[in-house]
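Single chain ahead, by itself, as structure tokens, in the form predicted on its own.
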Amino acid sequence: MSHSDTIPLHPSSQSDIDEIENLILNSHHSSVLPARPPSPPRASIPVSSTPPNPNPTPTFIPSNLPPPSIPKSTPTASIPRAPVPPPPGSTSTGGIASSGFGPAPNTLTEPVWDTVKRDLSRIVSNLKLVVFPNPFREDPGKALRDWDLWGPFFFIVFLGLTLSWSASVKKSEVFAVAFALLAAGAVILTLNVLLLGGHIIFFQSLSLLGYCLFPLDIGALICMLKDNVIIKVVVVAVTLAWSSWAAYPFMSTAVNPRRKALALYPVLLMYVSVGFLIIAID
């Protein structure tokens, strides 16, 4: 049998072969992926063949930003210097420092005579503000802003000594009674004003009541020199009115106007008791 001889296929076999060929062709077309689009060209980095410079010169890139504005200089306020303290040897003879804040800070090292003069000048100044007419009598805070207790103590002791010198017997007992009456009375009257709601300092009130005894001191001194009942009554009446007039504005303005009588009545009662004690001493 030669190669030129062919055997015809069965029609069913031919159809099977055609179906296989179609499957092979379809599988081949489905497995092929679509072509990738070409990538853009990459920038190439130039490579220099020259060796690097060990000391390169810096290059600056010019900036497009505007130059900074220079602020204008403003005049600065001068800082005041602290005052130079006075030398240790210099003291204030007037009793009040030049700055107006009270006595000089070195009063502990000053002579005794300077201290006595300063205290006496303060007593005289407060006595003028309390007993004699002045524009500050209606305001207790301004009248005795620099209050003290040396003046009231001196006036109480002087009145007790004057009454004891006027007595013929039991001089020491007279002095003790007068001193206790005046000292305890001033404390009780001050507490009475504070309990009534008065706006006043405790020791400032004691100072005011003590300075208001100055007219009664003068009356007691005159009555000791003039042993006459009529003269004693007149002098005590005048000095009692003077003391009451001196104490009235301070005590009346320190409390509520509706309680003014409750604050003034005990003050007047104490001064009247001192006046009867001056007349009764013989």
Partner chain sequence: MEESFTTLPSSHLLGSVPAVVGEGKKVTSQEVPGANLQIFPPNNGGSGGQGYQTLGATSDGAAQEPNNNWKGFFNIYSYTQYFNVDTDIVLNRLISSLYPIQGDFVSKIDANPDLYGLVWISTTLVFVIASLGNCATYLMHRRDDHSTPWNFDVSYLNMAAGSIYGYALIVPLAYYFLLQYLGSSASLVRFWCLWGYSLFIFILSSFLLVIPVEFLRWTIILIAGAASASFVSLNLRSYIQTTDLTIVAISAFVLQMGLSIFIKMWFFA
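Positions refer to the first chain, counted from 1. None of these values were measured; they are calculated from a predicted model.
Same protein, other form: the form predicted together with its partner chain, not shown, and the subject of what follows.
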Mind checking whether each of L196, R258 and A280 has a heavy atom within 4.5 Å of its partner chain in the predicted complex?
yes
Within 4.5 Å, heavy atoms only, one stretch in 152-160, 184-192, 107-115, 123-131 touches its partner chain in the predicted complex. Which?
184-192
Answer for V177 alone: is it within 4.5 Å of its partner chain in the predicted complex, judged on heavy atom distances?
yes
Using a 4.5 Å heavy atom cut-off, state whether L269 contacts its partner chain in the predicted complex.
yes
Stretch 156-183: residues contacting its partner chain in the predicted complex, 4.5 Å heavy atom cut-off
V169, K170, E173, V174, V177
